[in-house]
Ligand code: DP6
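Presented below, as structure tokens, is a lone chain in the form predicted alone.
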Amino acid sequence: MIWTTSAPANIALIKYMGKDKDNIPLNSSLSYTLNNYRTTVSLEIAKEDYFVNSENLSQFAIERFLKHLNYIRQLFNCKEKFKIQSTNNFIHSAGIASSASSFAALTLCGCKAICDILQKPLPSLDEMSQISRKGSGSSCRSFFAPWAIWTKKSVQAINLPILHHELITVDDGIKPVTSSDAHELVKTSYLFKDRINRAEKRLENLIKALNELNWQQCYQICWEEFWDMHALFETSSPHFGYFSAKTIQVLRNIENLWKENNDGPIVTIDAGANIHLFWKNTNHGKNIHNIIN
């Protein structure tokens, strides 16, 4: 028998950066679920665990995946082994939250397969999100849509306006520093001391601005937030960065769009070079060419 599930990526507008044991976040985060960017995982009973590496993942990534499957298996006291296959409909390891969608999909599929085998009830979405968090912190947000808020104590959906997401891919290569390593390195930055307070205040202000449909305020808060996170990277020891020359060019173009029209997209960038845009409506096609070029 083959079990197959899929799960979406998510992108944080207020970032989770820095964590304690078991991927507990040092600050709260707010994310938008990217339902068009998904990972599909299939499990099939086998004599031994083995991974079909169709995505050219690193050995480290594969071992991390297998470790999480084993964690799920131990939770249910299950002895079965599996052939595992995972595929994305988007590029991985490039700052588009492939880790979040992958571990959410693996958790969903693992729980479904093992519960079917053992004839046990499937855990709730909340329970599975917490199981998934052990493998990838941000994956717990992929269980809720369209918005999720994640604190030290819980993760849950939050009712905020629906936005229209668009991705500008400026670099489809594998990023030079993994998100897991970045979480540790940022703690060496002199800017990290007050990071939690800055993020929590922006979270409060962004939720207020979204509810009030104060679009310019939303743009400003999210702009400051992603630059704050990337400033941590650039001031860590050793320092590192993700932006390419094309990233900076596109950001300058977005700034000019706002200056000319007093309107434009909300912008955010994760631990990578690629740029996420959020629009308040779908009438933005005329602006895209000017932003990219």
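The numbering used is simple: start at 1 and walk along the sequence shown. Since this is a predicted model, take the numbers as computed values, not measurements.
The discussion below concerns the form predicted in complex with the ligand, not included here.
Here the chain stands alone, but in the predicted bound form its contact with the ligand, taken as any heavy atom within 4.5 Å, falls in 136-144 among 117-125, 136-144, 161-169, 79-87. Taking non-hydrogen atoms only, residue 16 approaches the ligand to within 4.5 angstroms in the predicted bound form. In the predicted bound form, the ligand sits within 4.5 Å of a heavy atom of residue 180. Residue contact with the ligand in the predicted bound form: residue 129 places no heavy atom within 4.5 Å of it. Contact between residue 229 and the ligand in the predicted bound form is found at the 4.5 Å heavy atom cutoff.
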